[in-house]
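In structure tokens, the next block holds one chain alone, the form predicted on its own.
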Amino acid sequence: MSGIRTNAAAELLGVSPNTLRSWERRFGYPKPRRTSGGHRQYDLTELEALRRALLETHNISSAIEVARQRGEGPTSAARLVEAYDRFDETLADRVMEESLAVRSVERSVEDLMLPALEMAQGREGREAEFELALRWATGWLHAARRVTPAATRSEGVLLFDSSPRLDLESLHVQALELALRRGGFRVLLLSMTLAQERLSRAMRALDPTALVVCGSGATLDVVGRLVYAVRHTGSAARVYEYREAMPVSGSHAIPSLGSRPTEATQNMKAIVDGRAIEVTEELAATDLAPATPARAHA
């Protein structure tokens, strides 16, 4: 079994040897074995599990609990963040490939990619690393979309992304698009700010069963114009929201598909298969007047 001495183990974890020994006494982890000469020898897999857990939790007791549950944790979100911080797209690809060996595409995106992006967001001085992460994740999702089998369902879903730029929320929208495609739907992802005449052509081409408001930049005016334009085409497609994209706090007439790609895909299947109870109130622009003050968006 591979192992390293105390000083090297402490350096790997970014702490002093005394701190490492105090963790052993207090928590019993990481637990070294003793050589014939009485020297501590730390297991590399335990150290790596603890290092990644510390990156996620920033708390030793929580990190030890996570590390013990995961074992070596080869495909943790923290390892993806490490790849971003190194500007190492090859390592990021490898982490996802390792995940795909034990998880589905959907679970790899939900349990690994999106949590890693959330961990990488908002760190002062790490803006370049986060932009790299967003662009790499966009490329990965596009590549996965290209190899998705042809649609097996007749229903179409038109996603309207209100994100004003490439950001974490826009990645959630792309992940939803991939999940819906893998769920067998015909899917089209467009900007919410499209002119009405261009929207009409898209509506005719897809003939969607459902429209989904997504992203972080929706306003009541934009959503109202969108619903009006949709109804102007003669479409009876239902309108939904994803991840609380509606800029209204409190109740409104647009039902939610949920907050995770697989959840939204399962809900959409249930809706079109007649297995879900929908909001039956007819949607129109007047339905979108906020009952409470509009929610602010970044």
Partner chain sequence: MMTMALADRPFLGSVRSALTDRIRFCSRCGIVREERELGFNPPDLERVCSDCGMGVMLSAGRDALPDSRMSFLIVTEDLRISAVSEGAERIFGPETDLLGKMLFTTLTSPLGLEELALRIARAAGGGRDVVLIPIELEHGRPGYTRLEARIAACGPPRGALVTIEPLLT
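Residue numbers count along the first chain shown, from 1. The structure displayed is predicted, hence computed values, not measured ones. Take the two forms, find the largest set of C-alpha atoms that superpose within 1.5 Å, and that set is the rigid core.
The discussion below concerns the form predicted together with its partner chain, not included here.
Put simply, E56 is close to its partner chain in the predicted complex: some heavy atom of it is within 4.5 Å. Among heavy atoms of G274, none comes within 4.5 Å of its partner chain in the predicted complex.
Remark: S62 counts among the residues lining its partner chain in the predicted complex, judged by a heavy atom distance of 4.5 Å or less. Taking the partner from the other structure, its partner chain in the predicted complex has a heavy atom within 4.5 Å of a heavy atom of R26. Heavy atoms within 4.5 Å of its partner chain in the predicted complex map, among the stretches 163-171, 198-206, 221-229, 123-131, onto 123-131 alone. Core-superposed comparison between this form and the one not shown: CA of L50 displaced by 2 Å or more. For N59, a C-alpha deviation of 2 angstroms or more is recorded between this form and the one not shown after rigid-core alignment. Once the rigid core is used as the reference frame, the Cα position of R26 differs between this form and the one not shown by 2 Å or more. Relative to this form, the distance between the C-alpha atoms of R51 and L117 is increased by at least 3 angstroms in the predicted complex.
The Cα-Cα distance between L12 and A92 is lengthened by 3 Å or more in the predicted complex relative to the form shown here.
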